[in-house]
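In the structure tokens that follow, the same protein chain appears in two forms, which are kept apart as structure 1 and structure 2.
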Structure 1
């Protein structure tokens, strides 16, 4: 009897030892790129997918009609060998290549484009988020098997981007009488791009394999397999990168500065940073009494220690921004000065605006309203928590009471939609030719993305005009004006734009960093350092 429990313990130890000792892992294949995915895409059906992860994977499986050049960001032919735009900018004609095949061997032609467009517009298809982008297309015709013509109802400067980037799906696969939304091809996409879909192990990985018959020999990839590992926990993912389980991952500033500077890490991995269009902000709900006065908003902007936060919490990785455009874009007015952290100046502005502590309770008030508001942030997000606690202290110092409200994402979205918040912090990321209409036009204040309810007649006019201006310089002129209006009005306190931080294995060669990031298709497989 004395022996039994200890025997069990011993047996367990032996088993554990066996597992760890014996070879339970095969050696790594150098031609496979293992990439971190923070969350699993819901589906790989290009029309019904709504998350960011789908695009990252399908980008390898599907090509589009036209694509942006890595270096110049200008459009160039891809599946369409050429295109014409009519003088009134309403008619877009694409001439498709006739040598492209879907991964199952069937040819790609105009019918696929037509079918895709029909499905996007079909109300039975769960794609309302796409539908809004194509709602101004009056007509799509098939001129012949390899020519399609889109006709817009109104001219729009992003029209080429939209029609050229339409997410084309294979008609012969989907059009088989099955329900579109739950079609099995959503779990097993058949594309026409440089990689073929291989397998999807729910919750653990998605595997792609090189398409050996890929038509575009100039872009024929050297890497044979791409494995997307689904690792929900970023800290664990980073450890796996360090250990060599992953070949590529994005880092956060702390990892970039503090945790990835060991000699071993530097030897195995190279790090790249680049700025894609995005910025973080604090938005004031302009419907609230405290935030209606421009002076107050200008004061609040001076109360947020952006410089300190950027320098110390983000380790200086980022660029302060003054407005709603990409800091390197033509739309951005570089002449506007940064707003300093200036509590004394802020207090003066608040006094001028009439927010004075009349009753001596340490909190400013005006017309019987106390300056006491709730600051809404998504829960579990470290950056926003740090930002909020720091703001809370500094605001309290200036006689403003701020309560932090954290909300889980679904509830958070609900609060934004019902405009039921005082102030909120979030980030926007957007495209290269940005149309600020969704976020800033007064027509979007009630239901669109203009959560804060910004309404400015002059800004409205500028945005409406810009939508029909096809000349970049002219558009830049209009957007600079708009940038200045927003800078003056401060409906947001603009924080900064953070860079994308990427670490990748040094095994890969010919890695170039473009404004838009890195292009895995041109990487060559080299020796493991």
Structure 2
């Protein structure tokens, strides 16, 4: 899928549960793409949506002012036909196209941009993950119906990406007095992109149809309909892919290595492997007594056999990581050594932190508190279940009791947002030229993506300073310092960055793999192999 200016989103790479939708037949229309969706979105409201599945769907329904070129990753015009940036990097003026309409026929104009910004900055709107990127804008002006000007109070190195990628919503749809966070348009979105929302069958599918009046004829898609089939169980999804009920699916490493190399599969499907900025982690809720001491967190990192997990669960497909940046990015400090699997060293650190089995029941305790916690994972996800099982065994041998807690995705997200969890495993997916503020700054600990409650004054200072640095090398120095702080503090046990593993029907042609992945809008429909 095409890379657009992106916000950090919560990205569950493998989500599973129970699949109850009715059986579907392979599409008779070859111009229909059936795409596996691992979990049902909570909403398609662009401003309150936070996970990768919502972003994936909305990416087809909505356009942005600018977008990244697939090949070069440089920004180019989209709904803005041109823009200017002041020499001091504080003022961004966009000249909008005057020939774009929303899917209900209403014209797109500067009022939609102004309204979107106002709602993002409205504290009553559930958009703290977005607000953090626009908080330093001191003024947004409508110069005329098709010209807007953003003025920052201080420079921000990602300003162009975020003002150019602001997730614009139609003012005439949302500005009707209804509660914004639960507005019906979050269920029935009206966009301005290459595909229109058609319907949402709860628990089964979300259907988009090509926008026949789409303004950008250079990107007018050959695929007429996209059906997102909601199949939480990746094993079930793979079986449906092999039957021809799906045209495209993300494979897990076992499926990639062991189960998709038959002549029949290779005749019907092509496989693509590529890396995009992301990493897996285990996060400790620092508000809990067990995780407040960094010695304990350092010990826990030594109790996770990351190399063994990568080898045995992921067939070696991935790169071990040590911190909060993408391992292939300039922000990542390559000099930091991997934390070893070291149970003896972990036990020593736990002893030093005062977590000792005082009463001889086999579980460490301190000040009358047992080291017994719940590890939250999405229900049914094979990888997370296997990871939790391994961790539970190794932690038990060190005198730590871990209960595996599984939840359906919507409830899972609610627990994160309310900070009502002990420990969790997930993955972050983010854009190029990373800004870690949303996930790591202390201001985001209560309302934001800093779910684990990490707070460090020096790390805050480095992030704040880096935001104003446009020189990549100087910014890298600041981020390397921050990386070292988080490496020492271990609020996450960082696991690895894994590649995207995608299978797609050979019926689709003109498929190119770019640095950011594939762009479905370029695909052409050929004959079924």
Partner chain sequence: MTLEIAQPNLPKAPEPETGSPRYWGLVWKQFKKRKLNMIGLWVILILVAIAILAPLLANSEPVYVKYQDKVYLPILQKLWPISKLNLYPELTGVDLKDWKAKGAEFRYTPVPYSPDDYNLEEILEPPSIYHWLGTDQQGRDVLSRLIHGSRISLSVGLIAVGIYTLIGIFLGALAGYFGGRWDMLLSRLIEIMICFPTFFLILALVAVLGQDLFYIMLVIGLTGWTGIARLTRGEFLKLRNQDFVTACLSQGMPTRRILFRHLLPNAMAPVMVSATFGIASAILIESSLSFLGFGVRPPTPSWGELLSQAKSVIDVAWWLTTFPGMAIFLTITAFNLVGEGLRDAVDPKLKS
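Throughout, rigid core stands for the largest set of C-alpha atoms superposing within 1.5 Å between the two forms. Residue numbers count along the first chain shown, from 1. Just so it is clear, the structure is predicted and the values come from calculations on it, not from any experiment.
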Problem set entry | Structure that is the form predicted alone (1 or 2) | 2
Exercise. With the core lined up, does the C-alpha of residue 345 move 2 Å or more between the two structures?
Worked result: yes
Exercise. Quick one: core overlaid, is residue 262 moving 2 Å or more at the Cα between the two structures?
Worked result: no
For this session: Please work out, using C-alpha superpositions, how far the smaller rigid part turns between the two structures, and give the answer in whole degrees.
Result: 26
For this session: On a rigid core superposition, how far has the CA of residue 427 moved between the two structures, in Å, if you could check?
Result: 4.7
Seminar exercise, completed: Superposed on the core, the Cα displacement of residue 299 between the two structures in Å comes to 12.4
